[in-house]
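What follows is one chain in structure tokens, specifically the form predicted on its own.
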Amino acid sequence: MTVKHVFLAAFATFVAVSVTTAGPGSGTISGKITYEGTPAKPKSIDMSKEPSCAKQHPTPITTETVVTGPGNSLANVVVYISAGAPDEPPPSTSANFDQKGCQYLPHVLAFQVGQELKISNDDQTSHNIHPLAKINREWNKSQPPGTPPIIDKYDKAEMIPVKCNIHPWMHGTFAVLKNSHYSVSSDDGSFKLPNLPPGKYTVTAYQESYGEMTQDVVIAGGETKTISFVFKAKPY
């Protein structure tokens, strides 16, 4: 898929659905991610060349480039405050990225700039973790079974595709963000951004195949705003 096609596929509409006043204090932006059109069907993954992983999946797993659910919902969409909130220091906890059954868990990992990234290998085979960063430094590290976790961190915000050079079906995304106001949409497409002081914010939704879209939202004290993002899907 070309960059042009990605952004054409990312063309979307978004609608503010409701506003509920909850009293003074911090506010919340919540909502749902859906699609219109016909998305590509997930493909079954053949792990026969890696028996130790294949036996962990009695029912073969499928690709997760686009994950849909009931009511045209979209999972694994990163929703975050891209403007209006200050940068924040990273939390002391690590962001954990696991390799189990020759699969990245979670498929999309969101964490903050400067936060410790901990990558583990739970499999009986070696993996080769290759985050394809363009703003941050790119690296490529091998992780044999039984070895300690790989520890790293990123200095700049970026959406980073991740692949395994040994197992070509293994793909994921690191969403490196400037503050803690983010969410990854669940199986039903829902997301929530709580604890927002009153103000004007830009909310961005990022999907690895369809690109991104933004919406400006104004939060008054203690209110909850519900918004929606609708991606235009195409059967690539």
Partner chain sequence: MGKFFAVVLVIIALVSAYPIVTHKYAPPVDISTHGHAIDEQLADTMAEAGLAFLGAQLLLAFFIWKFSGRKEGEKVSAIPSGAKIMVAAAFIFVGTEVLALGVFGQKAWASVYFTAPAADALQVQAQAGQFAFYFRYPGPDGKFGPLHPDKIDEGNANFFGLDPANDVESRDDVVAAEMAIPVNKEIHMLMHAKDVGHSFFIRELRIQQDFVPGLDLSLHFTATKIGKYEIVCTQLCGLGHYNMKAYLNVLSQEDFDKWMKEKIAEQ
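The structure displayed is predicted, hence computed values, not measured ones. Positions refer to the first chain, counted from 1.
The form predicted together with the partner chain is left out here; the points below concern that form.
Just one of 115, 128, 73, 136 comes within 4.5 Å of the partner chain in the predicted bound form, counting any heavy atom, and that one is 128.
The contact with the partner chain in the predicted bound form, taken as any heavy atom within 4.5 Å, belongs to 65 out of 204, 180, 65, 26. A residue is said to contact a partner when one of its heavy atoms sits within 4.5 Å of a partner heavy atom; residue 163 meets this definition for the partner chain in the predicted bound form. Proximity of residue 55 to the partner chain in the predicted bound form falls outside the 4.5 Å heavy atom cutoff.
Although the partner is absent here, residue 142 sits close enough that one of its heavy atoms falls within 4.5 Å of the partner chain in the predicted bound form. Residue 192 falls outside the set of residues with a heavy atom inside 4.5 Å of the partner chain in the predicted bound form. Considering the partner chain in the predicted bound form, the lone stretch of 196-204, 46-54, 27-35, 183-191 in range is 46-54 [heavy atom distance within 4.5 Å]. Counting a residue when any of its non-hydrogen atoms is within 4.5 Å of the partner chain in the predicted bound form, the hits in 161-176 run 163, 165, 166, 167, 168, 169, 171.
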